[in-house]
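Alright, here's a single protein chain in two forms, structure 1 and structure 2, each given by itself as structure tokens.
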Structure 1
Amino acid sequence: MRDASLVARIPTQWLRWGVALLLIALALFLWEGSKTFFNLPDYKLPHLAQIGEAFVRPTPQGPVWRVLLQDTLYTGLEAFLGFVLGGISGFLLAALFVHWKPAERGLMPYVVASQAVPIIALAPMIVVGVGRLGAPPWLSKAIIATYLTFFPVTINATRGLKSVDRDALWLMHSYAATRQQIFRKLRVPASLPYLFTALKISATASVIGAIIGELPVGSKRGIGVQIVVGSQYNTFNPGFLWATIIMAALLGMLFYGVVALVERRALHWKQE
């Protein structure tokens, strides 16, 4: 309101990019500045160059960035698998809830409660249990990502499928539409905005789930494993831990970004 009118006339898009660049520059400046000023040791705050150097350092399997990329993709696949499975099963349960009230009454309270409870704490048991059964190592991570996706999707899809207003439903009845037609042509499209809200939450949650699943001893692949390795060797190679965490952050942003992009295309009929 009291911002200078000159600033207010610049398009917000440009401003955002400008501010982004400015923020990054500021962060880098503060980073190196505080390192010198507070005389922080490398293991607490490495030089930016050290992080860069950690990325390009050679290993028997090729440069570090390539190794990390492979591990990140591996984790990404685990998360993606769980994301897809959780999304589909959540939506199917929501469809059941909408068509069969007793199921909703009996189960919905638990689905909702799951959101106020740290269900991710089950992760170590799933990893150990599934691992002991001799299943492939990615399976337990995918299972964790699945249930972390499943619950938010079930809640929001149920809400979305029920969000149709009475007249829109009556309109369908006036055409003597079948239940299936009402579901396909009315309920499903109406549920999409709700569904995407949940999918954006779940996108990040599934990445977190996969990473957490990689923490227990015995895991061999994935960016979670690399984070653990990084924290163990932090004193010797202070840039590496940062490199692994940057990769994990990028993976989370990629997942979120893709879902947000699909959302924008799927919901183009909403406002600009």
Structure 2
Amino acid sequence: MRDASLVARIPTQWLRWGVALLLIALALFLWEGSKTFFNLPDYKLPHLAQIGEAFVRPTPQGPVWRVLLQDTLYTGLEAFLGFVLGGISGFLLAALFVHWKPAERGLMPYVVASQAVPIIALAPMIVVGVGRLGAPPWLSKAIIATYLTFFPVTINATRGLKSVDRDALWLMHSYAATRQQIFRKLRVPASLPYLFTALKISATASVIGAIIGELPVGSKRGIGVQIVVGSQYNTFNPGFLWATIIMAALLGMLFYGVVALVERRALHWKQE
């Protein structure tokens, strides 16, 4: 009982950080333990020290961590543009579906079918096609990120815009509210929880889309290019490949964290 009371006095934030640090320590222990117990070669699973050494290894452009940071920021810009374009286009499409039923019946099957096409097959065509138009190289990656972003936003926003309380909708009609007023004051607030759920999914999907767009031959910048370089030299420098993977994962976590923070600020009224 005394131990339980002591745990109850620990601030919740400290408990969260403690659990997070414990899980990280456990993951690192399992990493090194698996390599030692199964005697895995470095090209399959390098030591953590090798990954750390890969970050600080010097290059003509500076330390590896600086080169990877620059490429990660470049990929982040592509993913951010795709995330914004995909979010806006997905929400506008959802608004069209809510206000015009024929559009939903006619276009929704194509929206769903678009996600059945492997993005790895579309990426080279988009990169080559946009490149022939003389557009900036980052535009094709942003388009691929948009492609992966708009679908969850469209589906969730459509459901959210339709989730308004029936009594509240009748009340708005009794006040002779216009369609625009109902949409702005009733449907949009009701859709925010659904919308932010989609945006958190799309945040990481946009990063994946930008990286996939950088994989075709010809790309010169981006963390996807570094992943390809790391995979080519994985046998000789296995730590570098994992360093690029870590940077890509951190970028996805950053995108997700920003959306989650905005959600907490925007939906504080719902929590209250």
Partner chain sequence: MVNSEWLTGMTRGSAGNVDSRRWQASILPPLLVFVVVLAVWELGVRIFQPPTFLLPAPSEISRTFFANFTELWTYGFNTFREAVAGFALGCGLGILVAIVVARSEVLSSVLLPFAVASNSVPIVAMAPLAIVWFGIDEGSKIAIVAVMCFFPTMVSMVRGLRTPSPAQVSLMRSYAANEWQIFRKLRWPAAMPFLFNAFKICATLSMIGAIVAEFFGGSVKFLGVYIKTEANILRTQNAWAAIIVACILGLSFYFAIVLLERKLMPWFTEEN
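For the two forms, the rigid core is made up of the largest set of C-alpha atoms that agree within 1.5 Å on superposition. Model, not experiment: these values are computed from the prediction. Residue 1 is the first residue of structure 1, and the numbers go on in sequence order from there.
Between the two copies of this chain, it is structure 1 that is the form predicted together with the partner chain. Relative to the superposed core, F38 undergoes a Cα shift of 2 Å or more between the two structures. Superposition on the rigid core between the two structures places the CA atom of V67 less than 2 Å from its counterpart.
Superposed on the core, the two forms barely differ at V229: its CA moves less than 2 Å between the two structures. Aligning the rigid core between the two structures leaves the CA of G134 offset by 2.8 Å.
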